[in-house]
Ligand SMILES: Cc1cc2nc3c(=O)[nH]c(=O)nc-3n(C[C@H](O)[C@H](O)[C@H](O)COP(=O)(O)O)c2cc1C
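Listed next as C-alpha cells is one chain, alone, in the form predicted on its own.
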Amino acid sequence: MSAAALPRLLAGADPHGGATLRAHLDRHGLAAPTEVDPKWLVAEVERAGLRGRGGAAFPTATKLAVVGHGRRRPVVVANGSEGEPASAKDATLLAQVPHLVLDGLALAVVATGAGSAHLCVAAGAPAARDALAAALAERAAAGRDAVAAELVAVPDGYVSGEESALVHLLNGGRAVPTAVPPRPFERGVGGRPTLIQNVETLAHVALIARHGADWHRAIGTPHDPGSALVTLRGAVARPGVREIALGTSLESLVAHGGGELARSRGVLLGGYFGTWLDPTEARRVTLDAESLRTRGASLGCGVVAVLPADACPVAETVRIVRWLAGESAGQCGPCVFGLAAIADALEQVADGRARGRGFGRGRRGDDPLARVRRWCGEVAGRGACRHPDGAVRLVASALKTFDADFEDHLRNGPCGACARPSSFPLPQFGGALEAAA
C-alpha cells in the first residue's frame, strides 16, 4: 500500500456486507497480530503520533502503556457505539472493513496483555453488527485471535458511548455515565484496568503494525499525522463518509462533496458537541489540531455539517440544544435543569416569545441571551460526564458566530427562514453512510 495513497482505512471497503477475511488478508498481508512484540508495538504507535479518533484525541500509545502496566490483567473495549447523531464514520468502518478493526483490537490485547475483549456497537447500527458477527465467526474458525471478543449492543443514546457508561453497561448496569475517578484505565470492567479505544483508532493501530510509523506519518501534518474519517453532511451534493489526510482544507473537502462554503451560512464542525464556524472563517481552516485549536474548535468525532444558505442558524442551534437537553442521563442537577433552562431561553428567542426583552433603559437584566451566557458558565464542568460541557460549548460558539442573528431574533422575532421546514437534515441517530471516494 503506497504511503501517500488514500484511502487507507477504507481500502478494499465492501459496502455490501463487509470484506471477508480472505479479501482482508489479500489486501493487507498475512501479518498475525499475536506475533507482534508488545513493547515494539507501543513504541511504534507512539512514534507514529497516533491520537484517539473518538473525539478526545488522547495519545493512543499512552493509554496502551498505562493499562498494560496495571497490577491486574486488563480488559480491552473497542468503542464503536457512536452516540453522535451526525456521525456515521464508525458504523461505516465496522460494516465495510470489520477485520481491520478486529486486527487492531487483537493488537491492543497483545500490547496490554489483556485477558478479555469487548466490541461495543450501537444497537441502531444493524449492518455494523451483522458484519462484525460474520467477521468474528470467520476469525474463530481460522484461529486468528488469542482472545475472542464479545460483541455487545449498546442502547442508542448520546451519553451511552461515554467511557464510564460503557464500563457500567459491561458490569451489568445501564449505559449511563458514572462519577469518576477512578477512571476506566484504573478500575473498569470487573474492577480491572480497562482500555477503551475508538474503533477507528484501533484500525489505525492495525495499519501502523503492518506498515510502520514512518508510513503513517507520510501524510497529514508533522503535529497531526495520518488520515482520519469524516462524515460530510448538510448542503453538499454528495454526502458521505470520507477519509482525508489531516491538514486538508475544510473548503476543499466541502467542494469535493459538491458544496460551496461561500454560499453557505456556516459549518458545524465536530458534531453536536462541536463548534460553529462562519463561512469566512471556515474557508481559512485546515482540518488538523493546530489550525482548529486557534479557532477554539476541534475535529472531534469527525463531523462536517454545512448549513444551507436558506437555513436559520438560530432555529437549528435551538433544535440541537433542545435534543441534547433531552439526552441527559438525569443524574446531575446542573445538566438536567441547566440544559433545559438554556434550551427554554434559546427557544423563546427563536420563536419570538422573548421579543423586545433586554432593550431599552433598565431592561438589560432581563436579556435572555445574557442569562444563557451566564448559565453556560455555571453549567460547564458540573456534571459527572462531559455532556453539559459539550452542550454549552455548542451554545457558546453559536452565540459568538451568529451573534447578529440571535440579536435580530431577540429584537424582531422569527425570521423568514424559521417558518420553512428545516433544510439542514441532521439526524437523531446516524447510520452508516456510503463511503465516498
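Numbering starts at 1 and follows the sequence shown. Note that the structure is predicted; figures quoted are calculated from it, not measured.
Here the subject shifts to the form predicted in complex with this ligand, a form of this protein not shown in this document.
A.B. asks: Give a yes or no for Arg386: in the model of the complex, does one of its heavy atoms lie within 4.5 Å of a heavy atom belonging to this ligand?
C.D. replies: Close contact exists here: in the model of the complex, Arg386 approaches this ligand to within 4.5 Å, heavy atoms only.
A.B. asks: Consider Ser298 of the chain shown here, and say whether it contacts this ligand in the model of the complex, taking contact as heavy atoms within 4.5 Å.
C.D. replies: Answer no; every heavy atom of Ser298 is more than 4.5 Å from this ligand in the model of the complex.
A.B. asks: Please determine whether Tyr158 contacts this ligand in the model of the complex, using a 4.5 Å cut-off between heavy atoms.
C.D. replies: Yes, Tyr158 lies within 4.5 Å of this ligand in the model of the complex.
A.B. asks: Classify Ala282 as contacting or not contacting this ligand in the model of the complex by the rule of any non-hydrogen atom within 4.5 angstroms, answering yes or no.
C.D. replies: Close contact is absent here: in the model of the complex, Ala282 is far from this ligand, nothing within 4.5 Å, heavy atoms only.
A.B. asks: If we take heavy atoms and a 4.5 Å cut-off, which stretch out of 257 to 265, 78 to 86, 305 to 313, 236 to 244 is in contact with this ligand in the model of the complex?
C.D. replies: Careful reading of the contacts points to 78 to 86.
A.B. asks: Which listed residue (Gly49, Pro368, Gly70, Gly52) meets the criterion of a heavy atom within 4.5 Å of this ligand in the model of the complex?
C.D. replies: Filtering the options by heavy-atom distance leaves Gly52.
A.B. asks: Report the residue, out of Val109, Val321, Val349, Ile196, that has at least one non-hydrogen atom within 4.5 angstroms of this ligand in the model of the complex.
C.D. replies: The option sitting close enough to the partner is Ile196.
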